[in-house]
Each structure stands twice: as C-alpha cells, then as structure tokens.
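In the form predicted on its own, a lone chain appears below as structure tokens.
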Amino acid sequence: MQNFSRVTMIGMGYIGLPTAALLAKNKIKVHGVDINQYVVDTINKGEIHIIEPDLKEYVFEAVKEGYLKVSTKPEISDVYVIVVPTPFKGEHEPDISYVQAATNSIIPLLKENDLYIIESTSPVGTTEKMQALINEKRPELKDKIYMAYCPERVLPGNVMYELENNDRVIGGINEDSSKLAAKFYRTFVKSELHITNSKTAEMCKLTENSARDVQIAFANELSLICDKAGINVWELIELANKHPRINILQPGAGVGGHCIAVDPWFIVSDYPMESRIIGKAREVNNYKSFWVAEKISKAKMDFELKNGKKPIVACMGIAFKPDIDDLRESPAKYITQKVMQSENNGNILVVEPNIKEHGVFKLTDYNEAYEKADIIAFLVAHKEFKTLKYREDKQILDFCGVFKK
C-alpha cells in the first residue's frame, strides 16, 4: 500500500486533534473519532476544545477546506491511528481497554494492506496483543495488514511545532510495517525517524518519561531536604548547575500530566522487582504533593493562632504545568482539593488563568486573589504570576519558583 489519502484518527484530545490538523494541512483527508459529542460538534464548527498555540488556526483551515471532519464512529480508511487514553485499573495497573475498544471499532472496516498505528502510551506488548485480537476476529487478514507503534513526544504548549520537528521512534511488528509507518510519518514529520520493533518502541516511551520522573524526584527530594535544613533550594540548584556536568531540574509541587505521572507505573507494574529507582521516584513525587498540602495547612493553623481569625488562602494554579489548561493528574489540583477538605470554601481562593470556569472550583482572578489573600500558595509557575510584585505583607509559600525566595 502506498496510499495515505484517507486517515481515521481515533481520539481527538491533546495529541489526536493536533496530529489530525497537521495531517489535514498536508492535504490528507482525516476522519476524526471521539466519543464526546461536544468535542465532535466543536471541531466540526472549526473550533477547538483545548488550549494549544496555533491549533485553532490549523483546525479552522482544515475544516473549512474539507480535510478534517469528526464523528463518533470510524470510517473506512487506509490508515488507522489510535490515540486514546490508557488509564489505571486497580493499584497502578495499566488499563488498555480503551485501546482495545478503539481497535474493535475498526476491525470490521479493515482491509488488506491497511496501516494500523498505536500512539497511545501502552505497556510493553500491547501492539502484539492488538495484532492477536485482529487476527482472531479477521483471520483472513493475518499477515496482510501493517501494524506499528509510534509514541508521541511533545511538550504541551508547543505541540504543533514539536509534532513536525521532534524525532520519532517507529516500531513495527515486522520490518515491512516499520517501513510503511515511517513513510506515513514522513508526510508531516521533518525530523529523523528511528526504526525499531514494536516492543522496543513501547518501552522507549515509558523510559523517556520515567527518566524525567526520576530527575524531577531528585529535585523534589532536594527541596524537602533544603526546607528542613533552612537552605534556599533555588539558589542551591543554581550554584550546583554551575558544574559543567550537572543539570539539576527545578522542584515543584509534584508531577502531573498524563505522561510523566503515569507512565513509570507501567514499568513498575510489569517489572516490580527490577524497577526500584523508578518506583521510588514515583513515591517521592507523589509525596511532594502531600507535603505541600500539609505545609499550607500548617500555615493556616499558625496564622489563626497568631491572628485569632481564619486566613484567606489563595491556591495559585491548578493545571499540571505552567501556561496550559490541562488538569490531568495535576498535583496542584490535588493539593487544592486537600486544602479545601478541612476548610470553609469561602476562605480558599482558587486561581487558574488558563481556564474560564471549572465544574468543582469557583475561580478567582489572580490579581484579585493576590490582593485579598493572607496566604499565597504558588502551585504552578504560570507567566501571569511572574508579573506580580513580591509582597512582604503576605505570607508567600512559593512551591514552584515564581519568586525563588
């Protein structure tokens, strides 16, 4: 098969929609699939349901020119790309049921020489499991379709650029599948394509995010030590990084997002005895969020004892990282919920400049919250917060380096 004129993209989220829009820009007709009717209707109007620079323009043009349409059901195509969530079930056990459901939905549509690709973060061996599923239900297609795993590796807030310009790892179930998948990605990727097998590609994705998690855990552990020792962790890291071979990351309120906070557990779940550092890093980063919530609670108690009244607390940021609207696995959201559990909500001001409203939290403008609150807890280093002037009359708890004091 040499034809990539029709692509079905299952999952119109933070990766699926940008990828679909980029394919459409390259004059490839994309049929997007999402189970959320609101998402379907929004995209078909040429609008977007997520915040991502440049994405709105891409989607508007793609829909207007007829290269992108979305529905709740897949259509016959030449290429099928699976970009759905892989959550947990039980105690940090990966759940590939969404990938399986997406695969089941296209099995009746598959034909000889089609290309099937998984981009969803997956446990090692998932692509081979989907191959077995397809072979079981469509035995006449055994060895007659191409299958590969190709993980995304993009940074929220810069997705449109990185989809085109980051190297990609492509792992086919056989050599021919790898080559055809590489040819498909070459239609929109400008950087290097690295060929391997599906299991190595699956592990590569998990390894990249586990490595980041371990590095962040070191920084977060340093922040705990420095707090106890009375040392400014920001100054310490800056000085340590003057060494030519040291590059310590910045600590924060924990680790969030659907990748770094989740993917290491995929390795730990399958290889518990071998992944001791990876597992411990996850524990450190999860504990940091609990520790931050406890620090805020203690500050509230101390304020009340000293002043004879309950303080107004501003939780600054609930996204999982700066300057995005994504709340998935957000430590800041978890911390805010913990702080609110034992407090009248009227004394807690929740701030998130990247979203207009939230189903649980009543949001407050960041300037208003900064002015009203007695205790300011910076949980996410949004660019808006960095425009604020340090206030000596406020109790500022800076967990993410807004002021680095």
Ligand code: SAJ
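Keep in mind it's a predicted model, so treat the numbers as computed, not measured. Numbering starts at 1 and runs along the sequence shown.
Below: the form predicted in complex with the named molecule, not depicted.
Spell out, yes or no, whether the shortest heavy atom distance between E221 and the named molecule in the predicted bound form is within 4.5 Å.
-> Looking in the predicted bound form, residue contacts with the named molecule do not include E221, since no heavy atom lies within 4.5 Å.
Examine L249 and determine whether its closest non-hydrogen atom to the named molecule in the predicted bound form is within 4.5 angstroms.
-> Yes, L249 sits close enough to the named molecule in the predicted bound form that at least one of its heavy atoms falls within 4.5 Å.
Answer yes if any heavy atom of R212 is within 4.5 Å of a heavy atom of the named molecule in the predicted bound form; otherwise answer no.
-> R212 belongs to the contact set for the named molecule.
Does the named molecule come within 4.5 Å of any heavy atom of L133 in the predicted bound form?
-> Looking in the predicted bound form, residue contacts with the named molecule do not include L133, since no heavy atom lies within 4.5 Å.
Segment that reaches the named molecule in the predicted bound form - one of 316-324, 90-98, 273-281, 300-308, heavy atoms within 4.5 Å = In the other structure, the partner sits against 316-324.
Heavy atom within 4.5 Å of the named molecule in the predicted bound form: which of V255, I335, A181, I118 fits that? Just give me the one.
-> Going through each option in turn, the one that passes is V255.
Position in contact with the named molecule when the complex is considered in the predicted bound form, options E164, D114, E152, E128, heavy atoms within 4.5 Å | Partner contact (heavy atom, 4.5 Å) among the options: E152.
Contact set, 20-34 vs the named molecule in the predicted bound form - heavy atom within 4.5 angstroms | Nothing in the stretch sits within 4.5 Å of the partner.
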